[in-house]
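Before any questions on binding or motion, here is one chain by itself as structure tokens, the form predicted alone.
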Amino acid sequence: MGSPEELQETGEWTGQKVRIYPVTRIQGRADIEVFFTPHQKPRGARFRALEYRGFEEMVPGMPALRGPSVMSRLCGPCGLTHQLLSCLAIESALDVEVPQAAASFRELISWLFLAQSHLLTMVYSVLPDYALPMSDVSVRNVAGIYSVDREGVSRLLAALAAFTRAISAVAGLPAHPSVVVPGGTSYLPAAEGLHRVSEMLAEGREDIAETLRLVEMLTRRSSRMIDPGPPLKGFYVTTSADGFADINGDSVTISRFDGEERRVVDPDSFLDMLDKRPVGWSYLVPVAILKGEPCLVGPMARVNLGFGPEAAWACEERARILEEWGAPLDGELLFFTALALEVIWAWENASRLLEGGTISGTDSCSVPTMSESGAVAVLETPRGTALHWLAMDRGGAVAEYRVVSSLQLNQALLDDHLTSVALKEVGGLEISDITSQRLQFAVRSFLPCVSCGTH
């Protein structure tokens, strides 16, 4: 049948189409379009972003040092990462060395935010699909789940509360904290505060372990009730360090799902590999890499590459999951498990930093000296790899700014997978609620954030 892009380019989008709007339990406004042949047979499907943000046009002319605070508002769940990405791009351009204590503090906050974001997504966006897959849409929500499995939801909420309290204790705010600034951080937390956070995380360990067990049980059950569709094909992409996934990695690893090809590149080379491909039917601009092969970024990509030896618990659970489901993880049903594994990964790394004694001292920031320059920064948001690039003029103002988000990188593979599900599940122009929810489930498995995607 061909991908949605191929069908559009060859002029084969004929016949009727059905629009599913809104796509629920995602960040931002979006819909799904299902296309049919003149004989009312499904031909393809695509995911469309229906909002525009304009941050790339907002910051040129602005003092570069103000850029990170503006970019933090690009998204809610991923706001801290965009703020940090903007700082890193400025620091790389101006050759600023961030003090070690501030770098460790930044990393701690990043791990805490990763876990908090995943747990929010699990509770409010994902769990209804797994706990009540065949229920009416009116009860397929967190309130409906709570009435059915109060203990399981309570465990998830307790784990979420532990990370939220931890973020508030060290960063001041559970969302959009202003502590990350160009050159480092605005302060370093006191030892008592770090000790209190360490105790919070220790108390939440059992809730996190039970969360993974709940997720595994629901995934096994869903695998018997939902046709997962064909495996994902193409590349998975993540930032990395020493051959393992790392949210603050200094390189980018690109690997085929079948393992036949793997490349490790630096951020500048990664930027050169990206090819923007605007479409006329969405506010989101898809981005291709490696001659247009579809790619996957996000939790499943990071889990497939693997965690470093410092995360022994996460590595142990990952090995067990791969033994049960096979390697690599390439099915949409397994993204829920990937989220739970990454919560453990984040918990271990945050605990390691809290116990390591590297977040101490009085030197929290290096003052940048402005000059005409530019640079790129690549990091992992909770939803996947993202990139910021900026150029500054002699006065230190932003001359040009570019953002590439995880949804832009995932769009091609998302549409390919959505089309395969539509070809199997859609029987005609009358799309039932169950079929509509199945298509939305396929979209949600890519963790789309439209706000980030349309920036």
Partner chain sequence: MYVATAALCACGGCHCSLMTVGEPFIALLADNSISYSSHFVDRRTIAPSDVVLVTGGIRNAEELEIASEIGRTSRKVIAVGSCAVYGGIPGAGDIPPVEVEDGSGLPALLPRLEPLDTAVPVELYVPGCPPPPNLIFEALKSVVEGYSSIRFDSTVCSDCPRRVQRGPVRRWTLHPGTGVHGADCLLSGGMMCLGPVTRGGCRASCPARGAVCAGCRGPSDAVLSSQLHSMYADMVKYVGLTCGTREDKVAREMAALLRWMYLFTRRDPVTRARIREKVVDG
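What you are looking at is a predicted structure, and each value in this text was computed from that prediction instead of being measured. Numbering follows the first chain given and starts at 1.
There is also a form predicted together with the partner chain; it is not shown, and the following applies to it.
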| property | result |
| --- | --- |
| 4.5 Å heavy atom contact, residue 295 and the partner chain in the predicted complex | no |
| 4.5 angstroms heavy atom contact with the partner chain in the predicted complex for residue 74 | yes |
| Any non-hydrogen atom of residue 176 within 4.5 angstroms of the partner chain in the predicted complex | yes |
| Exercise: residue 172 in contact with the partner chain in the predicted complex, heavy atom 4.5 Å | yes |
| Contact test, all of 49, 138 and 282, partner the partner chain in the predicted complex, heavy atom 4.5 Å | yes |
| Stretch from 308 to 316, 177 to 185, 241 to 249, 203 to 211 whose residues place a heavy atom within 4.5 Å of the partner chain in the predicted complex | 177 to 185 |
| Candidate from 387, 426, 413, 65 lying within 4.5 Å of the partner chain in the predicted complex - any heavy atom | 65 |
| Interface residue in the predicted complex among 265, 322, 365, 290, criterion: non-hydrogen atom within 4.5 angstroms of the partner chain | 365 |
| Residues in 426 to 455 with any heavy atom within 4.5 Å of the partner chain in the predicted complex | 436, 437, 440, 444, 451 |
